[in-house]
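Shown here is one chain on its own, the form predicted alone, set out as C-alpha cells.
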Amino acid sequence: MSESLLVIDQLEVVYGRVVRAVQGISMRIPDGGTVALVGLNGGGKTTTLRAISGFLPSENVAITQGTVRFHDQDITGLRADQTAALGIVIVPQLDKVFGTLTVQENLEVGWRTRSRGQARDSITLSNVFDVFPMLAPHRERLAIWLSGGERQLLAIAAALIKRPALLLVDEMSLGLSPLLQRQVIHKLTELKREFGFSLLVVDQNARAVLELADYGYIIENGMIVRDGPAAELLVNTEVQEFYLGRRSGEGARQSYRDVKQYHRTRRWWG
C-alpha cells in the first residue's frame, strides 16, 4: 500500500470503564486508497469510526490506549469539529440526514461546515446537482420523504461538500436493496476517482465493501482477526464460509442456522 494518510496503532476503546469495545487494533489507510472494515453487528466497527472522527460519547466512553495519526499528526481524542476541520468526514450509520430539512438545506449545512484546508477539487453548492443529478428533482423536498437510496446519496453528497481528505462511511448498505447497494458503490467509486479522497467503508455486507476496496480488515469482538488485499480476502475459504455464507469447496449457500452455529464455534487465530 502507498504512503499512509491515517495510522491507527494499538487502539483500545472502553465503555463504562469495563467493556473493551475495541481491543488494541492497528490499521492504516493509504493516501488515495479505499479500505473496508468488515465485521458482524457489535464487533467494534462503528466504535472504531467514532474514535477516528471524534464522535465517541464522552460521558461513558474513552480511548484508553493507542494512537490515531492523520497526516502524521496525533489526533487521538480530538473532538468531532476538530477532526472535521482537518478533513475527516463521516457518513454515520443512523440519522444520516436531517429529515425535517429539505435536500437543499441539508447540503447547505454541509457547505457551512466544510473544511477550508483542502486544496483539492471539490463538490460545491453550485455543482452538487450536476454531480448528483438524481437528487436534483428533490431539491425542495423534505429529506424524510426520500427513499433509502436517495437518503444515502444525500448523506454522501452532504459529506463530500465538506471537502474531505478522508471519508468514513458507516454501514453503507444498511436498509438498501442489492440494486441500490450496487448503485451507491458505483457512485462512490466514480466520486473517489474524480475528487481524490481516501475512503474507509464499514459494513456487515462483506462482499459489497470488499469488492469496492483495495484492502480489507476483519474485526471480531473488538479485535482485528484478519487483514489483507481485498481481492485475496474475497477468495479466502474461511472468509467465504463465515462472512459470505458459502461452505468450503462448495458453491451452495448455508442456512441461517448453519451460519449462526459457525459463529458460536469458530475462533480466529491470525
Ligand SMILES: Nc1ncnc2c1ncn2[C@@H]1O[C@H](COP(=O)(O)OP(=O)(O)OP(=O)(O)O)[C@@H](O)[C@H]1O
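Small disclaimer: the values here were computed from a predicted structure and weren't measured. Quick note: we count residues from 1 along the sequence shown, nothing fancier.
Quick note: we don't show the form predicted together with this ligand, though the next part is all about it.
Stretch 47 to 55 is the answer when you ask which of 47 to 55, 210 to 218, 65 to 73, 228 to 236 has residues with heavy atoms within 4.5 Å of this ligand in the predicted bound form.
Although this ligand is omitted here, in the predicted bound form all of Y15, N41 and E171 have a heavy atom within 4.5 Å of it. This ligand is not shown here, and in the predicted bound form it never comes within 4.5 Å of any heavy atom of Q82. Though the partner is left out of this view, A21 does reach within 4.5 Å of this ligand in the predicted bound form, counting heavy atoms only. Within 4.5 Å of some heavy atom of this ligand in the predicted bound form lies at least one heavy atom of Q93. Though the partner is left out of this view, Q204 does reach within 4.5 Å of this ligand in the predicted bound form, counting heavy atoms only.
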